[in-house]
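Alright, here's a single protein chain in two forms, structure 1 and structure 2, each given by itself as structure tokens.
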Structure 1
């Protein structure tokens, strides 16, 4: 019988190390059952969190070979089919403070979640007697967002959070904000969006890691897009984020081509573009990333429309409705 080999990242509050565990293969073992086997039979000092074992509570999320997943809902045989028969490296979630081994601290994350103002303040026309009735199609529009179990997988793999958490929130926070802001029963959708604007809503890198790693198939990136659309509809069009989106859309409507030379001044203003971005532009020239011919083409790109530009304009128009 072939053995499993787990390489687990350990942390005792002071020291970090990677420890090797080898144990017999049993068909149908999940990552969580392997961790439980290690703790009960090989090393009682190993720390991890788990609760429901049914992919509902989200407590058992870890990283395996650098990818976040639910330990209770992931078969080791499936991982070996993906990664081969070599050792599997198990680590705590990324973008979080580690307390011990695979256990991470959630206090700060929960406090930041409060910025979404979670909780429904219903419209005044709903009575206490009849409750908050909702049409099936309105419920279906937000149903997927209600599936969020706060496992932290999206947070773990978010590249913007890896860069800095000072100007960006955990992706699940935007999911919860959009869940209430888009609810047809909500009295004031903007109360869930305002803090999101101040906390990085426009700084998403669109890497889609939050989408691909969510075990429930939720799209935090889609929630961010919905919040941005809500901001535009509310007239919140000032600031680099909204101006960037508007400039992007303007280029598509004019020619279907993105004019990157003009995009920065439209987003940040001429003064900021000249003072902050000029050194970067000069480095691009120096390293051959941008030549005078390519730059000139970008300046005149407004005169060259993509093929079937009218079809693209129809799509953009339909998307605005």
Structure 2
């Protein structure tokens, strides 16, 4: 087999550069054993973090060819199956400040995690003496989210976070909020959701990078969805996010299909639709994307109901009984 070639993104606090390391192939090597081999045999100045070597501590997440993974849990031969035998580029996690080489700064991210109010405040019927009983199915509902090891893989390629972290949190924070909010023992689920609502919960792009990258198979996007459901059911229905989602549901129930003309006023209100969105609407007319007559009909009336719409209504009604 060809030698391993790692191109590692280095940073010494001032300068950054990409450094090439070549060493003999050995079967069964993980990305982490390669990094350790480099540090012990080729370059003692290389910095990275790692601890358990068992995919439990979450310390060794890095990016290979731009995609986050746990270094200790990834065989280099598997990576070669994906990328071929050429050089592999190893970089620090994305959407994080780099301290040195592959080491990123966690302080601020941990502070932001506190917004989820992590920690269970149990219902009043529970006590230190009686304990907190939970039915197996209620435990199963949150079990997956408890596998989070805070490795940061979910944040690395998050498209929303890459654009701006000012109005969005690291996806694992929403996972942590959801695991308390959904816990059947929790006294006040909303105390875990409300800060998330103020911190980007409705701004997730649904890019699915977090779900794709989590080495534990957790879905932070699913956690965001469950927090949105909790908020909506608690009456937090104002704002473009919930109103947009509700417009889809309204159309699905009323006719079966989306009414694009009503979508903007339902999401943003009539004033915005008639002013801010006017240039958009006019160019839709100008390019024939939307006919004025069709638009007027959809606005005043609605889509025609789909075939057997009554059947759809009966199905949904049966579920609400």
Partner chain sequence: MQKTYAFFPGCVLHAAAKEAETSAVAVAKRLGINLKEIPGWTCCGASHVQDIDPETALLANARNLALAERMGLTLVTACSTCALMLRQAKATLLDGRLDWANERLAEAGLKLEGTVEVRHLLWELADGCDEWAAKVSHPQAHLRVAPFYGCHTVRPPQVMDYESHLNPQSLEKVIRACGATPVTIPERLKCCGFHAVFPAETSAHRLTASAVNSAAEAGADCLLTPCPLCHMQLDMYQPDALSTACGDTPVPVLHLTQLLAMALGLDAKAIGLGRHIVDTKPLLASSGSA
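Here the rigid core means the biggest group of C-alpha atoms that line up within 1.5 Å when the two forms are laid on top of each other. Predicted model only: the values in this text are computed from it and were never measured. Residue numbers count along the first chain shown, from 1.
Note: the form predicted alone is the first of the two, structure 1. A displacement of less than 2 angstroms separates the C-alpha positions of residue 26 between structures 1 and 2, with the rigid core held in common. Residue 67: CA moves less than 2 Å between structures 1 and 2 after rigid-core fitting. Core-superposed comparison between structures 1 and 2: the CA of residue 310 exceeds or equals a 2 Å shift. Taking the core as the reference frame, the CA atom of residue 261 shifts 4.1 angstrom between structures 1 and 2.
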